[in-house]
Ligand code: NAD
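A lone chain, given as structure tokens: the form predicted alone.
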């Protein structure tokens, strides 16, 4: 049994884990990162990156189908589903090899196998070559999360699938039921509907993308409905059965509604995730768990000295960029530095369907619920020269400002390139920019980002172009 000793041992090589390992090595720590099989985690291998490759394929195919509007005649437009999937896997493979390179560059030791904490400062790894005990002064848990299923319904990974299986189906299904209308569910609803799948979305809340501003969600709802997606809100799923080479989903409209059924080739469950806390040895050292996630303080320290946790395993928001930020804060704090704790009120969220959705801060509904006095500035992309010229006139920018000081309370974008543009408003919010600052900053013309300046002008009552 080989034994090794490190200053920092990271369990999990996703966007939290591998970033923590790199930063620890940069600060002079002898560092190891343990992963089951491949660095990059769900995000790089089975989530963020390959899904964006799939969505780009759908966007391109959609443009080509409507080429006549651009004066570009295309006959017999068709797609090869197998090649679409293969391209997404190539993208993931390329990015994974990039993480491997970063490990070598930063002198981080990767260890592949199943890790379990066995004592303070000690982790046991079951590798392909046998058992190995790893010692670490600092142990960072970054085991991520996994898809959650409806109680009483289990994934069979063929008919009742998670987002992972949805990325590499053998063929494009003729029909699909998507349970859950959060970012993952809506992205796949968009992807498959563009490729011709008859998609039904079932969401228990009264709107899709329920954490987003209602006015913004309504734009996406209308767009998907126009594509032929059947969206049922306030739909409570009672069960999913495999029937005749497909599935049958039973649901009710409202908790007291009559049972209804919908049949499809596949059922994608996208109702959320839960932290990977089982069988990793938390009980061996007494690490506290709360609501299926590891409990930590603002510097990602657990209740047990020498143990830390970051990323999806510590709970929402379940976002790759949050995991990476937590990784840096965690490592710099354990190194004795004085990092700023993460401001969870300024985390951007993105949904990569078309039109895209991006937001930061409070929704208008939350402003009302908190009794805040605010001003609203909105600018529709149909009034943007660049958006209209680009054929992307769907959507808007909506910014909420404090009524007294003009500070940004929340910012919301629905439309093309929303996920790119939100960074400006996130930075503005972090720097405490005001309505006047945004309105007074000259934006290049013609650009999509002009809409943010125009939205601020609208909130000030001095809009020119609407």
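Note that the structure is predicted; figures quoted are calculated from it, not measured. Numbering follows the first chain given and starts at 1.
Here the subject shifts to the form predicted together with the ligand, a form of this protein not shown in this document.
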Listed residue that, although the ligand is not shown, lies within 4.5 Å of it in the model of the complex (heavy atoms), from 334, 229, 117, 350 = 350
The ligand isn't shown here, but in the model of the complex which of 121, 210, 281, 196 has a heavy atom within 4.5 Å of it?
-> 210
Want to guess which of 181-189, 384-392, 218-226, 285-293 is within 4.5 Å of the ligand in the model of the complex, heavy atoms only?
-> 181-189
Would the ligand in the model of the complex be within 4.5 angstroms of a non-hydrogen atom of every residue among 346, 425 and 428?
-> no
Can you check whether residue 203 is within 4.5 Å of the ligand in the model of the complex, heavy atom basis?
-> yes
Is there a heavy atom of residue 237 lying 4.5 Å or less from a heavy atom of the ligand in the model of the complex?
-> yes
Wondering, does residue 150 line up within 4.5 Å of the ligand in the model of the complex on heavy atoms?
-> yes
So in the model of the complex, does any heavy atom of residue 140 sit within 4.5 Å of the ligand?
-> no
In the model of the complex, residues of 311-331 near the ligand [heavy atom within 4.5 Å] | 318, 319
